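Before any questions on binding or motion, here is one chain by itself as structure tokens, the form predicted on its own.
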């Protein structure tokens, strides 16, 4: 068994796993404040990627396209919160599950009608020529994925810990009722979490599109794996999703190479089943304490 081949598979898979972790981080942001998640998160990734591609096609510079795509993703997140989540939460029902799925299907249908069903290449100024580092081939494009993931997650964490709005986010996450008694608007804070989640989804779309191309179905596989990462790590685990995402990406790559590409989805499903059966709160999640 060639060590260099194993190292190559692990590194390539781990970089893809970081994208899973970024999308899973978006799940965590909304779950922290509202105990709800957007089951149409994959469509936010896809729609933001298409919007960003449109900006590039009309001549917007790459450096300006990125913030434009992030703002579009944040707007989509706010739309999901307002149209599919807020009323259900006010009524203390689980209707947000079905409503976010419906909004996702609407986004998918809109993408097909606006941009078509064909996959499109996503131009990028970042080189895709392989660099040979310690016997491993890695491209600047793949390195940019890692940089982008850690940059957006780091900025969101800095925002949460060092700004007044971020402190409100942390307060609602810790105890919503106590935060409201202190004058913090839980509704606005949940809006903020969905906006941040949409922005994170947009960054995932911008990062992965040059590698996978842009199409209506681009996020269908990503979202299942991201959900597996979120559940295995724990929906309140913070950066635990990064470690689980890296491990899952590496396992997928090794499974695909040594067993066959048809088994690529197996590691994520196995990890998800084990997590739900053995540790429902996640590997890094906090145990739930209930008063009796």
Partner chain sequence: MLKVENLHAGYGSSEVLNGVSLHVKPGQVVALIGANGAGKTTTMRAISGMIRPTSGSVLLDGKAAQGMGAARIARIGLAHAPEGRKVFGPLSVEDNLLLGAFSRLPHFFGFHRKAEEELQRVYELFPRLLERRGQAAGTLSGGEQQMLAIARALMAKPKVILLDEPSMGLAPVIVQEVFNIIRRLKDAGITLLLVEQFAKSALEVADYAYVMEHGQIAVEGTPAELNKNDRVLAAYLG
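The structure displayed is predicted, hence computed values, not measured ones. Residue numbers count along the first chain shown, from 1.
Not pictured, yet referred to below: the form predicted in complex with its partner chain.
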**OP:** Quick one: from 126, 174, 143, 151, grab the residue that has a heavy atom within 4.5 Å of its partner chain in the predicted bound form.
**Re:** 174
Original post:
Among 147, 133, 155, 178, which has any heavy atom within 4.5 Å of its partner chain in the predicted bound form?
Top reply: 178
Original post:
Taking heavy atoms only, is residue 90 within 4.5 angstroms of its partner chain in the predicted bound form?
Top reply: no
**OP:** Report yes if any heavy atom of residue 167 sits within 4.5 Å of a heavy atom of its partner chain in the predicted bound form; otherwise report no.
**Re:** yes
Original post:
Taking the shortest heavy atom distance, is residue 184 within 4.5 Å of its partner chain in the predicted bound form?
Top reply: yes
